[in-house]
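Next comes just one chain, in structure tokens: the form predicted on its own.
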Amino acid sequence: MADDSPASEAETRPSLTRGDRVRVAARTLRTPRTASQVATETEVSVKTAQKYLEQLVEDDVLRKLERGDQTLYCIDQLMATYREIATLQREHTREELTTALTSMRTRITEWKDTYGIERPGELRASIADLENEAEIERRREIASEWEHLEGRLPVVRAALNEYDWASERDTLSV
């Protein structure tokens, strides 16, 4: 008889080295964590976690923060944003970025007009007055997408603002 229980994550994921496990976990550190916490999550020793976390700090992937007697690690958001801008500039034309920016703004404007509000938080607050579960879920999804687009707008705008400069700098001289 076949076992219908879901396989554990360890059984289904390809085997990763200790360093790979720490690197993968580190790239998801939205909130600061200690090396000990990362070590526990990745099933490595604290010393191993520290070694790979320090390498990621040196590579500008993570930031190291000192809080009291603790050393915490988290994603270097500034560097992550610069990398994202560079990726947008390399993978998209100026016209594609302009079209994406226009599309995002249009969607936000449509939501503002549809609901007569200015912010996604106001849309979330309007849920309190509803009983229709489908409409509640729809407004939650729109508010979430609206917040996402508001976060993306400055990144796409920055990619466009420095497009020529970055393209010129990105050209390989032979």
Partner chain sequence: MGLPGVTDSAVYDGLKDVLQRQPEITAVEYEPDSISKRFVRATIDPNRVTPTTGPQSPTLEVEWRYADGDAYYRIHYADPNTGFNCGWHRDEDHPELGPVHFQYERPETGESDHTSAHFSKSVPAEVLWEAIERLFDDRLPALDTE
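Note that the structure is predicted; figures quoted are calculated from it, not measured. Positions refer to the first chain, counted from 1.
Form predicted in complex with its partner chain: not shown, discussed below.
The candidate spot formed by Asp20, Arg30 and Arg124 is fully in contact with its partner chain in the predicted bound form: every one of the three has a heavy atom within 4.5 Å. Using a 4.5 Å cutoff between non-hydrogen atoms, Leu88 counts as a contact of its partner chain in the predicted bound form. Its partner chain is not drawn, but in the predicted bound form it has no heavy atom within 4.5 Å of Asn132. Its partner chain in the predicted bound form comes within 4.5 Å of a heavy atom belonging to Ala25. When contacts are judged by a 4.5 Å heavy atom cut-off, Leu72 does not count as touching its partner chain in the predicted bound form. When its partner chain is considered in the predicted bound form, only one residue from Ser144, Thr106, Ser36, Thr114 comes within 4.5 Å through any heavy atom, namely Ser144. In terms of contact with its partner chain in the predicted bound form, the residue from Arg67, Arg140, Arg119, Lys47 that brings a heavy atom within 4.5 Å is Arg140. Residues of 29-64 placing a heavy atom within 4.5 Å of its partner chain in the predicted bound form, in sequence order: Leu29, Arg30, Arg33, Thr40, Glu41, Thr42, Glu43.
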